[in-house]
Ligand SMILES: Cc1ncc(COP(=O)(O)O)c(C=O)c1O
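Okay, so here's just one chain, in structure tokens, the form predicted alone.
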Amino acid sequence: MSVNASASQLTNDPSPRAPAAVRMRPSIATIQPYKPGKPAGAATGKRIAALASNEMPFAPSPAVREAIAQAAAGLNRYPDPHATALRERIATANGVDVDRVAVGAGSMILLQQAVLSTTGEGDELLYAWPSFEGYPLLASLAGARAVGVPLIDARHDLPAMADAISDRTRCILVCNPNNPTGTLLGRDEIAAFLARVPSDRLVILDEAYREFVDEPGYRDALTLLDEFPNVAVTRTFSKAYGLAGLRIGYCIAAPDVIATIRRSHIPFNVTALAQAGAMAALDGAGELHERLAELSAGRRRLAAHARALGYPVVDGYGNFVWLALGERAPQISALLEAEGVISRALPPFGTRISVGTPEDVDHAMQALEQVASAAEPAG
């Protein structure tokens, strides 16, 4: 029998195979995979508004698309493993030295690198809850204990979080504005919290939605880095910049923190297309501000309409509106989906509706009216 024939027979052998007995880490079995929002095809309405994933509803600008197309001509070559030009551009835009910048395949990857660099088996990862759904996953991957401190009035309870710091706490995550509630922490209250955190614990301020904050005079976490060298700030190009499909984000921190995070960096994980697209996106500040203003107007319009209908709306920032529906979140989200609006139910807390195009906002407002007549919202 020839070698090829034997391979064919093995491939087509219908006999049952015993399950693999590969030894896994015990903590892996406890991991709950991240559940993304439903895609547009999941809706049953005539017109579909996919408002579950906080995506930018507008396509990238022609300049961004052109930069990506030009980068595509060199896909036979590896990308710059250090993203040197992009890191320099990010440093300039944020007024920091380049050795304070790390780039990764989305801010989630940078969060993972930071957590794995500081937190291991038996340690604790501390964060507010509800917050970004990826945080418990990060704890599980590190084999750490997840410590979620309940929000108060949809906001971080920073005094309670400080009280929850133990000898096993190694890393603290603060999402600001918070996803999914949209609430915003001020610089002074963050500084008061940081003053209570031991200096050998890493605090990561996750600012994925920073660009959507339109509060006059607001000062973000970058102004805290010199005073608190154990702080890192992560941001993303997925939200405001509309590059979710490219997967790219960045972290700004003290040089030694950045050096530590970069030790766990997987080589070439930021593609040449992502680097080119992010560079071009940073150059399009004027267009970005116009889009952000349009989305902020849509958020206010959607929130005001929902509140007038009796929904429990939380005042917040970000590119979404939070309805504090509690256990009724799945029911309301299902009714909205029947009207062609895909939202994100997060029981037992509430439902999040992303802000889309003006037409999407109109559609969501109409759907909320229909749902309000079918089921009286919790208030």
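Residue numbers here begin at 1 and follow the sequence given. Model, not experiment: these values are computed from the prediction.
The form predicted together with the ligand is left out here; the points below concern that form.
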query	finding
Interface membership of residue 113, the ligand in the model of the complex, 4.5 Å heavy atom rule	no
Exercise: residue 132 in contact with the ligand in the model of the complex, heavy atom 4.5 Å	yes
is_contact(residue 238, the ligand) in the model of the complex, heavy atom dist at most 4.5 Å	yes
Heavy atom of residue 179 within 4.5 Å of the ligand in the model of the complex	yes
Sole residue of 106, 242, 298, 277 within 4.5 Å of the ligand in the model of the complex, by heavy atom	106
The ligand: the contacting residue among 175, 281, 251, 273 in the model of the complex [heavy atom, 4.5 Å]	175
Stretch in contact, per heavy atom within 4.5 angstroms of the ligand in the model of the complex, of 255 to 263, 113 to 121, 204 to 212, 290 to 298	204 to 212
Those residues of 244 to 259 which, in the model of the complex, come within 4.5 Å of the ligand by heavy atom	247
